[in-house]
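Quick setup: the structure tokens below cover two forms of a single protein chain, split into structure 1 and structure 2.
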Structure 1
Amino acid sequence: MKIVILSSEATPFAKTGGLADVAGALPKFLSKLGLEVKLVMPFYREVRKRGLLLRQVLEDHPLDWGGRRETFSVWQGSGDSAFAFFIEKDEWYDRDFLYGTPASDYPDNGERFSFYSKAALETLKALDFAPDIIHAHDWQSAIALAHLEFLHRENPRFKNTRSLFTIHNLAYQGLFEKSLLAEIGLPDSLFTMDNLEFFGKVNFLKAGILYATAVNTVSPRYSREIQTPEFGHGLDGLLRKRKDALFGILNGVDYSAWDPGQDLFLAARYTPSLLDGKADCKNDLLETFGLPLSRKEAPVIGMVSRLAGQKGLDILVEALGDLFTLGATLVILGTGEEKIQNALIAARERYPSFLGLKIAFDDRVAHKIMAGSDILLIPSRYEPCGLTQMYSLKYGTIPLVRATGGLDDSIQEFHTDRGEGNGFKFEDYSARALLDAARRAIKVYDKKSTWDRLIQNAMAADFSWDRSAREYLTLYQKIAGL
């Protein structure tokens, strides 16, 4: 099968979030399964800075843009990056940031990603590549599926092409003015409620849902949640109409970067059969956060998170006093909303021996938290997939999560009578429910042999990309009619 992946970011070329991890890993693991895969993304300034070995495969190639002639060039990677193609248009992609400055999004993002999407399809035509599946990710490439449907469907290269659209986070939809349709070459007749109109705007993400052969989310539960008003962000009705073509595939993780047996950020390395180093990592973590080593016998709960309401920090702040009464120590790494940051800073001053806090992005400290904590807390209001709980399992650090999205799919409640499960969950979005789950976890922690069994369960979990890639292959075959 021939697969084209359209994504606005991908590791190791350019990244702002989890989308890049997926789009960077998936081509490699699909290739292992024998598929021919090409990734097409913009040629950002960040990509240029990587110093990649590239060769130009198209130069000043013409593109009809709102009735006028524009041009773009295309570069291809070499060696391990040969699957990647980059759309060069400096006026739109040679910028300091991918999507906008820290203050705001770029005002021409609609044009920028429409041009990228349209140019990606033109690139496939010019290179005479006829894909079986075009796999578009999130709103930035969703509009390519509208171009495919209305401008290219009769082209011989695309006549038998099917498409998959992956939603990584439904909250981000790409909303722009109606006038953009004419500029990007799509008919005004698409500005209706049954097509791309959404509360007076053009909705790019809606194009992916409407025109893709099939749609998927990054976890099975999230695919069900987004069909409800609570999580649907105004598109739940449309998603319910497409429920027979809506699937959920849980993201994978790259264990080459997250393995306590090889992690150079750790004070000591350890494996499931030799866990002694985890105690050294716990001591190192307490020292890193300036907490007393006398706390090493108590359970240490870690968090690596954006400090935002969506991540459950509001109910955590409410629960802090009672959580410390249970005997727990808490360490938190992240940045985010000023209100939550200030609340946590105030809490640290109130509980200096129980709460460690670093307001920062720090990959080194993130790895130390994964290894040195006993429990990883993820109390999210919603979570399309989540990766930190998968990392923590590999490190024998037990997830305590709210049962939503990918958190619910990846974590199974531990049952002491059967010795089965890999973590702890709570349903209600409340401080009380969080505390009830923490009590269950700490009760098991106090029973060393039972906790050791739980650690072994956690470290045996497999969320590698090998598994996820096989699921994508099965879905590709399904929608291609094979």
Structure 2
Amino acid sequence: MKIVILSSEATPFAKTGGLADVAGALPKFLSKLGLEVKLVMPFYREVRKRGLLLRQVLEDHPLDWGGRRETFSVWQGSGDSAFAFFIEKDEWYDRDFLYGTPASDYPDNGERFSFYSKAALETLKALDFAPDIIHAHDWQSAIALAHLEFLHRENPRFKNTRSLFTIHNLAYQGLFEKSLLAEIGLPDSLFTMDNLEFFGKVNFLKAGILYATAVNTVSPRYSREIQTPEFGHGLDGLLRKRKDALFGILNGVDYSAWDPGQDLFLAARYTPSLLDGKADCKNDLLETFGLPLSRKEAPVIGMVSRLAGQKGLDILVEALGDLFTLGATLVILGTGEEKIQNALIAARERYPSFLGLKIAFDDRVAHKIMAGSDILLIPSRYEPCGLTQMYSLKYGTIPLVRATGGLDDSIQEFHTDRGEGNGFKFEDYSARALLDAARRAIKVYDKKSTWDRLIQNAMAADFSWDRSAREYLTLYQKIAGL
């Protein structure tokens, strides 16, 4: 089978969040299953800075754009990255950030990602690649499925092409002015409620939901949640209409990147049978965050997160005083919305010896938190899948999560008597519920032998991409036969 993955970010090329981890791992693990996979993404400044060995495969290739002729070039990776193709258009992708500054999104994101989506399909034509499945991810590439449906259906290369649209986050929909439709070459007739119109705007994500052969979310529970008004962000009705073609596949972990036994970012490496290195990682973490080493006896709670409304930082900030009274130390690594950054900076000023904070995007520190913390906190308001809880399990760092989306699917509450479970969960979205769960966790932490048992349970969990990739293969086979 020939698969084309359209994603606006992918590790190791450019990343802002979990989408990159998924789009980076999926090609690798699908190839292991014998599929031929290509990934097409924008050639951002961040990709350019990586200094990859690249080969130009298209130069100044023409693209019809709002009635005028634009051009773009395409670069292909080499060696292990030969599956990756990068659309070069510097006026749109050669910028400091992928989607916008901490203050706001780039105002021309509609044009930027339509151009990318359209150019990606042109690239497949020019390289004469006829995929069985085009697998688009999130709103940034969703509009490619409108182009496929309305502009390329008759093209012999795409006649048998089916499509899968993966929703990683329903809250980000890509809403733009109606005038964009003409500019990107789609008919105005699509500006109806049954097509792309959404409260007076063009909704890119709708293109994925409407025109894909099948749709999936990144966890089974989230596929059910988004069919309700509470989680549907205005699209629950449409999603219910497509429920027979709506699936949930839990993301996986690429253990070649997330394994404390091999992790070169760590001060020491460790395995389930030889855990000593974890204590060194804890000391190293406290040092990295400038916290007193005397705090190493107490539980360290870590958090690695985009700073966005979704992630539950408001209830965390509300709970801080009580959390520190319980004896916990907290370290947070994150970037994102200015308002949340400022709230955290203020909290650090208030609790300097209890709260370590880094406002940065830093993969190295993310790994140090996975290893050096005792508990990883994810108090999300909603969470389509969540990857950090699955990473932290492998590091013997116990997830404390809100029971929503993929967090609920991957974490089971620990039962002291039976010794079963891999973490702690709370239901209500409130500081009080978060604190109750933290109290339960710290109580177990204080009983060393029980905590050790919990660490063993956590490290034994297997969320490898091998399993998720096989589920994608089964879904591809199903939709290719539709």
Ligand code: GLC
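Counting starts at 1 with the first residue of structure 1 and goes up one by one along its sequence. Under this definition, the rigid core comprises the largest set of C-alpha atoms superposing within 1.5 Å between the forms. This one's a predicted model, so the numbers in the text were calculated from it and none came from an experiment.
Colleague: Pick one: which structure is the form predicted in complex with this ligand?
Modeller: The chain shown as structure 2 is the form predicted in complex with this ligand.
Colleague: At which of 353, 253, 235, 71 does the chain hinge as its rigid parts turn between structure 1 and structure 2?
Modeller: Comparing the two forms, the hinge falls at 253.
Colleague: Which angle, in whole degrees, describes how far the smaller rigid part rotates between structure 1 and structure 2?
Modeller: Rigid-body rotation of the smaller part between structure 1 and structure 2: 15 degrees.
Colleague: Cα shift of residue 294 between structure 1 and structure 2 after core superposition, in Å?
Modeller: Displacement of the alpha carbon, after core fit: 9.0 Å.
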